[in-house]
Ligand SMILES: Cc1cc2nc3c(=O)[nH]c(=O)nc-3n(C[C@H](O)[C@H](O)[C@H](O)COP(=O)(O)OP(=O)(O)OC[C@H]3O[C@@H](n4cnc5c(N)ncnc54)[C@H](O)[C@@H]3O)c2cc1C
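Quick heads-up: it's one chain on its own, the form predicted alone, in structure tokens.
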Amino acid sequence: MRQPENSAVTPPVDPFSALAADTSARVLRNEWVNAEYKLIVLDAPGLAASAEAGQFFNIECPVVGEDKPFFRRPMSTYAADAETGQVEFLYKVAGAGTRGLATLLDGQTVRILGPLGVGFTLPEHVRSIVIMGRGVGLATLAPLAEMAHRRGVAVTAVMSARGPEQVLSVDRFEATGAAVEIVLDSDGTSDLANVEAILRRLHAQGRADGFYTCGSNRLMLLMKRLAGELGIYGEVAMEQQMACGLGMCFCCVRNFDVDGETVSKRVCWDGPVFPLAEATSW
């Protein structure tokens, strides 16, 4: 549920309402998918497995050795299945919280609060979308491709990475019938001029009613510029440091451009998915 624009003076609704739950989830798998990223699969029945594409969870990470994470870590949902009660997260092992998360073994438990935030939307006029992401941003976008497939919306996924070994989730996108285009730093194809040419080609082919992105500031700004020029609907899942994840601490406030005015919004509460036209550089 999106809060009114004057959310800075409007108290948030009860975060422990029927929209989210603090769940003790059991680890089913926690395995490396490449040298930097792990996939954790949790048994989390009930509300925790009902997340929509673009929503996230606040995960309590274990204390391990010198790593003592105080706050939970927000993570976008990689997959959620209400029938099996399973929820998945793809995460980069990079700091105290994720290093602790990486130590969890099958059968252990971890507390997750969610689902939280505003997810992606697919307006009726959008029949063919371009999804563009980089790094763990592709984990956020994979459920969107699946949602689009269920609704009969065609998908082209432009996947950006440093090199072939960093490309994530190709099989997830291809399983939805998405056309996949990979652009890499290592061969120069991720250069903005080339990516812009790809987007313009897709638009000219009638394959770009909507732009969706996550994981790269430069790619987001490119999509925003082209969407404005070509009249394309767009959304972006914003990445931001969070503390509570519930809209109460105002740690994740960012500036957005709303009808020519700078408006402060909380990424966790008003987002993390926002209109592409409102997004500003981070």
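Numbers for residues come from their place in the sequence shown, where the first is 1. Model, not experiment: these values are computed from the prediction.
Although not depicted, the form predicted in complex with the ligand is the subject of the following passage.
- Here the marked residues Val41, Pro45 and Leu47 all miss the ligand in the predicted complex; none has a heavy atom within 4.5 angstroms.
- Contact with the ligand in the predicted complex, judged by any heavy atom within 4.5 Å, is made by just one of Val155, Leu144, Met75, Val87: Met75.
- The contact with the ligand in the predicted complex, taken as any heavy atom within 4.5 Å, belongs to Met242 out of Met242, Ala227, Val236, Ala53.
- Taking the partner from elsewhere, Val136 is found to have a heavy atom lying within 4.5 Å of the ligand in the predicted complex.
- The ligand is not drawn, but in the predicted complex it has no heavy atom within 4.5 Å of Leu184.
- Shown alone here, Thr176 lies farther than 4.5 Å from the ligand in the predicted complex, counting heavy atoms only.
- Although the partner is absent here, Ala94 lies within 4.5 Å of the ligand in the predicted complex, judged by heavy atoms.
- Partner proximity in the predicted complex, defined as non-hydrogen atoms within 4.5 angstroms of the ligand, places exactly one of 184 to 192, 121 to 129, 95 to 103, 200 to 208 at the interface: 95 to 103.
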